[in-house]
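Shown below, as structure tokens, is a lone chain in the form predicted alone; questions about how it binds or moves come after it.
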């Protein structure tokens, strides 16, 4: 079904319906409660809500799922941000003795925004994205997810589309949630490679020997480089684009290539010459000439907002929040189908609310009126039935699978601990 046209002016009418019938509150609470890992874990979590006209509410907190649900249905936030788990309830932070209100834990998070790639993409700029430059997000997820899994041993990584022009990652392992600011900074620095602002010409510098992490990252970049950079972005097409690339190679090589490029016009053949000259240089000089690899990484390597990752008390947009400008839901990304993920296929709030109005199909008949005793369960059942009728269903299912995996892992950990104690 084609996406219903989203009109920003309709958001105040759509949000009440979304929060009443479609937002996956039970899964959301299950996620942030982490199996009741410690007393008050959920209660001490900070939520922040942005309301209409940019009214901003920080330090919101809730005792139960029901309390959170009622408040969100009452205020219908335009945006939801999630913060840290604090030493005290965030909504009581003003009553706590100065200095004792501390951020204790939070998921290790990453924020990758397409605007940070504006110097290396020619198809779009600022908040705009298209299928050509979205490849940069695919590359970023592949590189970072592999490193978080293999280099750091994190198992529970939730990748989420921001709803407009980027992606977020929530690393939910207990070890990740307990990391200090120094440890978070170390992870973020390890994963950062592109350094320097607009004035910096060479943003990637490789040294001998190339670190195994960078070698692994290069295997990902090499897979996408030709279709993305050479063909999609045409980085060796126009004179301006070519000069920019040649500004990243040694001067003697640049002069030689400028002569050769008078006759070689095909971008892939031009790139082949750059690679050959880098290889020749490496053979004769023996070290430090990886300018072909530096170019690939500068144009394709993930660009992290490291400040988001470093701070325990930093807020990040919540999964299943609605992006007010695009109307798109911030949904989990299935890494098994990463290359097929299309941000323009992500449902808008208009679409899923419209889908609720479609007639029920066979087997979906309305249930009879429930008695007062099981009203709460009936409400939950109705909500599940509602979102399953919309394009949101597959994303909630993906979130469910992520939660199941975490629950299995917690159960296994508890069993291991009890067996270990029995041995003593």
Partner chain sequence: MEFGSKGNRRKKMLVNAQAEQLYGHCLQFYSQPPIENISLSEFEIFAVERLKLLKTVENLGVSHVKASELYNKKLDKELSNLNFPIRAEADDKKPFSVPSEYDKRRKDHISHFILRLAYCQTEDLRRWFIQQEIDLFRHRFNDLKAQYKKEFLHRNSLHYDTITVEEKNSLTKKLINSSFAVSGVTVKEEDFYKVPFQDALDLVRGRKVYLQEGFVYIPHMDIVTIILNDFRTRLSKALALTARSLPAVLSDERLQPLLNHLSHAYVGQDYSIQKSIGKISLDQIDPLSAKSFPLCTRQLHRALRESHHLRHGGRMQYGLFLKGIGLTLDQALQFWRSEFVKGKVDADKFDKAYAYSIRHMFGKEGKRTDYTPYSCMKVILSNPPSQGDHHGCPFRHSDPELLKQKLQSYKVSSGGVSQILELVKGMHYQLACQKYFELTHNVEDSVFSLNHPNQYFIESQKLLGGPGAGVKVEVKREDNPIPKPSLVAPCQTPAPGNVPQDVAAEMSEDLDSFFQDA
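Positions refer to the first chain, counted from 1. In this text, all values refer to a predicted model and were calculated from it rather than measured experimentally.
Beyond the structure shown, there is the form predicted in complex with its partner chain, which is absent from this document and is the topic of what follows.
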| property | result |
| --- | --- |
| Segment assignment from 65-73, 391-399, 52-60, 33-41: heavy atom within 4.5 Å of its partner chain in the model of the complex | 52-60 |
| Residue 201 within 4.5 Å of its partner chain in the model of the complex, heavy atoms | yes |
| Non-hydrogen atom contact residue 151 with its partner chain in the model of the complex at 4.5 angstroms | yes |
| Heavy atom of residue 211 within 4.5 Å of its partner chain in the model of the complex | yes |
| Interface membership of residue 183, its partner chain in the model of the complex, 4.5 Å heavy atom rule | yes |
| In the model of the complex, the residue from 293, 121, 156, 310 that sits within 4.5 Å of its partner chain by heavy atoms | 310 |
| Contacting member of 235, 353, 346, 316, with respect to its partner chain in the model of the complex [4.5 Å, heavy atom] | 316 |
| Residues of stretch 244-279 in contact with its partner chain in the model of the complex (4.5 Å, non-hydrogen atom) | none |
